[in-house]
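Before any questions on how it binds or moves, here is one chain, the form predicted on its own, in structure tokens.
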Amino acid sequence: MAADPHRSIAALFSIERPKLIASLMRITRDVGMAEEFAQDAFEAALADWPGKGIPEKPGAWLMLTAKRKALDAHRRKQVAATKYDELGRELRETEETPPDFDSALDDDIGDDLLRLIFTACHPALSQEARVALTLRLLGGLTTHEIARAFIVPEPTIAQRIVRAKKTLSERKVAYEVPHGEELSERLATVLEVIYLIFNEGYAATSGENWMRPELCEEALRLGRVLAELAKDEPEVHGLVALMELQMSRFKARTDAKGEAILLLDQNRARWDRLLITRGLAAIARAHEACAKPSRLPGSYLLQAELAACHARANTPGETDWAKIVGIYGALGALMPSPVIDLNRAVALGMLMGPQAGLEIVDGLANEPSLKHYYLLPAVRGDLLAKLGRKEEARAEFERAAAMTQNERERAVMLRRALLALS
């Protein structure tokens, strides 16, 4: 047992917790009950393990204990309702489990985890609720940690989670992996939630920190789990590839003071080569999945291909901007968006000169969805600066600084406003 047994137990529980909840969900059909019994097992471990030592199979010990806690609750309530029949039957069987817990872990735990992911990301819930519930059930983050990560009051996060559980219960949401067209629709929702979590960590929308690595790490962990459970879905691998490649730049994205460093100014020697290798391998798996049956690359795979163009270039000058422009064209055809058009303008400016990019950006000036998007004036300022239109560039960077809610991004924009005049 380590010097701090409680910390060791907490670390083990954080790993096993999603599996516990997933398995308990299958027999309780209630996310609140499943989470409660998993927590009961953790508290039992805290009481038992410091004195006796961590068992040889801690996950099985926790699983069996959680099921027995559920059985105790079932007996106390003496409920004969049909909804508890399956719970009672399965839990009674656990009483005969031998002390070594060999049969405590279910063989279909992977299926249970997949069901839990689809349940937490059910479209019956609001986007905010899906994110909070996913981080709570599958990430094991506390309401305080989720609230701190998103800079939202803790009671707000707690209410979202409680309401999400209530909604799932009241609507009797099936604890299952959907099939056919519904699978594609629901999978898109799951991937959207994971990517939302990642993006909030990669470029925080507000607050003093530009990045929140813990959110990116959690999103990538969830993506990797999903990729193992849904191996034939190319967009799952595409999203994992995108996150791997984006995270490879983490160490180079800020200086010693925490100030942001933009992509083309980063020291590429600091990029994580292992993450790049993993990302490129995930792209290859995505293309393999596309080939059987034949499917066109989806948005996450295309975005991963964009990130790969940067990852393969040892210097900014080696970047294949022609390929990037082409990928943005394919991405825009797949999911038309002014943001994609703006990014394509940046790439076109790098390929054909700033005036070519500026013409596209000026065409987006009155786009309603970009009215409060700070990157529109930021990109325009960059293109104007390259054209030598210094005063106009300074004004655009200052406008961008006023629009962003993130302190680090604001500092970058103000710094660029000063540099524009030099």
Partner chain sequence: MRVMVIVKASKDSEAGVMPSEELLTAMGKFNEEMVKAGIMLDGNGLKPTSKGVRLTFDGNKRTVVDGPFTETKELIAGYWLLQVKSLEEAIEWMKRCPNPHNDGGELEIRPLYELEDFAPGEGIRIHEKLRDELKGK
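Here the structure is a predicted model, which means the values were calculated and not measured. Numbering follows the first chain given and starts at 1.
FYI, the form predicted in complex with the partner chain isn't displayed, but the following is about it.
Listed stretches are 302-310, 267-275, 341-349, 159-167; the contact stretch with the partner chain in the predicted complex is 267-275, by a heavy atom cutoff of 4.5 Å. The partner chain in the predicted complex is approached by residue 315, whose closest heavy atom lies within 4.5 angstroms of it. The closest non-hydrogen atom of residue 16 lies within 4.5 Å of the partner chain in the predicted complex.
Put simply, residue 217 is close to the partner chain in the predicted complex: some heavy atom of it is within 4.5 Å. Within 4.5 Å of some heavy atom of the partner chain in the predicted complex lies at least one heavy atom of residue 225. Scanning 132-146 for heavy atoms within 4.5 Å of the partner chain in the predicted complex gives 139, 141 in sequence order.
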